[in-house]
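The chain below stands alone and is given in structure tokens; this is the form predicted on its own.
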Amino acid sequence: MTRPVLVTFEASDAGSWKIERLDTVVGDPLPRAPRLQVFEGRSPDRRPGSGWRLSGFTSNERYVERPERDALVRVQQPLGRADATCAALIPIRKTEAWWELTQDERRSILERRSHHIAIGLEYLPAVARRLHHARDLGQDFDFLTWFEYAPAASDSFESLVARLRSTEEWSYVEREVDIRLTRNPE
């Protein structure tokens, strides 16, 4: 793991990603916006015409065991691939009941019962992802997950999301917004 990186997602009238859909899955919505810009590191001050801003930081894998991490590293593709012109930003807030569980209880739900990591591995390398932790920053969401994939992998990505949402782990989600984006190929 490299040093943590602060990442800010800013919705506005300008940005490299076009927001195609912004769907509320559960809980409160986010305001509509036409574009999204992703800033890594220190982000500039709020730009004119900007709407919501979500920030999180990369961190060590908190629920992954060594064999799972090794498997992820072997097949995970980097973000920013030229053919990955589709993206999804899925901010999630979990319930207080989730956070009252111990780390090992959360791990049991996440992987032993919901198979979150195992399911995700089935969709690599077509779908690249990066998890951002936001809870410790006092944000409205606990996690911001950014996914990138080629248009040909869109159906696979829909399958991945549907499978994860059908697990026990998702019964602990109290707010989720599903934001789908596209960018022009480079």
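Residue indices: 1-based, along the sequence shown. A quick note: this is a predicted structure, and the numbers were derived from the prediction, not measured.
The next section is about a form of this same protein that is not shown, the form predicted together with another copy of the chain.
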Worksheet item: Closest heavy atom of residue 115 to another copy of the chain in the model of the complex, within 4.5 Å or not?
Response: no
Worksheet item: So, in the model of the complex, is residue 158 in contact with another copy of the chain at a 4.5 angstroms heavy atom limit?
Response: no
Discussion item. Does any part of residue 101 reach within 4.5 Å of another copy of the chain in the model of the complex? Heavy atoms only, please.
Written reply: yes
Practice prompt. Answer for residue 105 alone: is it within 4.5 Å of another copy of the chain in the model of the complex, judged on heavy atom distances?
Written response: yes
Fill in: Contact residue in the model of the complex, chosen from 38, 33, 153, 64 - any heavy atom within 4.5 Å of another copy of the chain
64
Practice prompt. Choose one stretch from 44 to 52, 133 to 141, 119 to 127, 25 to 33: the one whose residues place a heavy atom within 4.5 angstroms of another copy of the chain in the model of the complex.
Written response: 133 to 141
Item to complete: Decide if the three candidate residues 3, 60 and 69 all line another copy of the chain in the model of the complex, where lining means a heavy atom within 4.5 Å.
Response: yes
Fill in: Neighbours of another copy of the chain in the model of the complex among 9 to 45 [non-hydrogen atom within 4.5 angstroms]
none
